[in-house]
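We begin with a single chain expressed as structure tokens, specifically the form predicted alone.
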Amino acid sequence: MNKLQKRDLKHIWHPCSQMKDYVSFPPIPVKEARGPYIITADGQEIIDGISSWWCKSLGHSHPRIRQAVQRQIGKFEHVIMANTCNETLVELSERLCRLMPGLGKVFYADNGSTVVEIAMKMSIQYHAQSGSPKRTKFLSLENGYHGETMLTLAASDCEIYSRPFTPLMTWIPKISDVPYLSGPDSSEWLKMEDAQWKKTENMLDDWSGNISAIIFEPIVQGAGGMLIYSPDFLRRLRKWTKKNNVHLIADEIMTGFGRTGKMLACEHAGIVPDFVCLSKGLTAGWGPMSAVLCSNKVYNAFYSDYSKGESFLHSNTYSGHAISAAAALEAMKIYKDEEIIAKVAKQSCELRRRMEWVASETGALENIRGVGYVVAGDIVNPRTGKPFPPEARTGFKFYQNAVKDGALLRPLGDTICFLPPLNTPSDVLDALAEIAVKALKKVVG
């Protein structure tokens, strides 16, 4: 362990970690980062195979975004958003509201968890101010993940994050029987089984009178295991919610901005939710920023005389942060100018093919699944075909070996994921797969 690592561990409590692990697996000393690489203090180039928690959609240090950020810093870095406006944020908002016709208003925050909670609060208050005050409940999907504030933990279905806080959480029922698939090549991608939907519909009908909104990650559930489901499920869900005056809240924080081969993953189903939550790829990982898009109908329910108490009074200090807004605006231009979304859609099969090659070379992966630049597989014992026991921490050992060999591939338990920057060159993707094979072989023997 070098001097910097020792200084780090003396004071810093790292996120989503058991700090005792850092004794044997110290933090990576980062000197710089560019393109698909993180460069360490000793000059090692590590492929960022998970886009630094799925946010570096255009890689590190994109020159156009760097220049846009520098221009903004030359003007101002942050001004309170309440009762001010500026050209950068206005243009960004205009572009965001063109992403999904019908959603013409945008509310800004600074992280994904908060913006999902904002949408949930908006939904509750909307119904209270629109003649449906009994609509105070939420539903969400099994295996979903929406953040780590108390309300978003409750909407999630990832016990590893929520278990210690159960006494503080409101109960949010989970929709089961989600039609999971391997990807767009599955027979049920376009149409799920009617009998399977009927089970869901029966549950929804039981709650129809008091649901405010249903929260979901469209098409891909991230932290819950990179699980992929049928777009037809969302089409049917949208039809049911319209019929029953229930909102749909699309958590596009991971899936938005091209990750699945569409600008927004909801496009796979051809639906327009009532709220769309955005972050991560919004700034291409250049700054903490999030946004919720909503309809004029929702907005108008809050538009009234102040004395009536119908204002939406949520606030974030860094709402509309100018530097992040400049990065986001330039990222939006790059997605278009460099045809990023079309390239992801075209190369999606190639990324999945690489994960399938890892599986064939090692015999240690099953349930290969993917859409766009999201590909995953589950580690199994090649001698038995069964999962390793959780206490073996096979995924964590794979992670350690992959970093040593030159790739940042932080798994979800024993699920290996490829979520590289959307503009990663093909030869780098080849190297990523080769490192995954090498690291996995070291672990499974």
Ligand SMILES: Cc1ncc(COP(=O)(O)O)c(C=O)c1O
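In this text, residue numbers run from 1 along the sequence as written. Computed from a predicted structure; not experimentally measured.
The next section is about a form of this same protein that is not shown, the form predicted in complex with the ligand.
Peer 1: Going by a heavy atom distance of 4.5 Å, is Y229 a contact of the ligand in the predicted bound form?
Peer 2: Y229: no contact with the ligand in the predicted bound form.
Peer 1: Is W54 one of the residues lying within 4.5 Å of the ligand in the predicted bound form, judged by heavy atom distances?
Peer 2: Close contact exists here: in the predicted bound form, W54 approaches the ligand to within 4.5 Å, heavy atoms only.
Peer 1: Even though the partner isn't displayed, in the predicted bound form is Y373 close enough to the ligand, meaning a heavy atom within 4.5 Å?
Peer 2: Close contact is absent here: in the predicted bound form, Y373 is far from the ligand, nothing within 4.5 Å, heavy atoms only.
Peer 1: My question is simply whether G285 lines the interface with the ligand in the predicted bound form - judged by any non-hydrogen atom within 4.5 Å.
Peer 2: Close contact is absent here: in the predicted bound form, G285 is far from the ligand, nothing within 4.5 Å, heavy atoms only.
Peer 1: Which one of G147, G281, G261, G320 is close to the ligand in the predicted bound form, taking close to mean a heavy atom within 4.5 Å?
Peer 2: The residue from G147, G281, G261, G320 that makes the contact is G147.
Peer 1: Which residue, Q72, N111, N143, T241, is the contact with the ligand in the predicted bound form, using a 4.5 Å heavy atom cutoff?
Peer 2: None of the others qualify; the residue that does is N111.
Peer 1: Within 4.5 Å of the ligand in the predicted bound form, counting heavy atoms only, one of 300-308, 328-336, 77-85, 245-253 shows up; tell me which.
Peer 2: Answer to the contact question: 245-253.
Peer 1: May I ask you to list the residues of 200-223 that have any heavy atom within 4.5 angstroms of the ligand in the predicted bound form, in sequence order?
Peer 2: Residue within 4.5 Å: E217, and no other.
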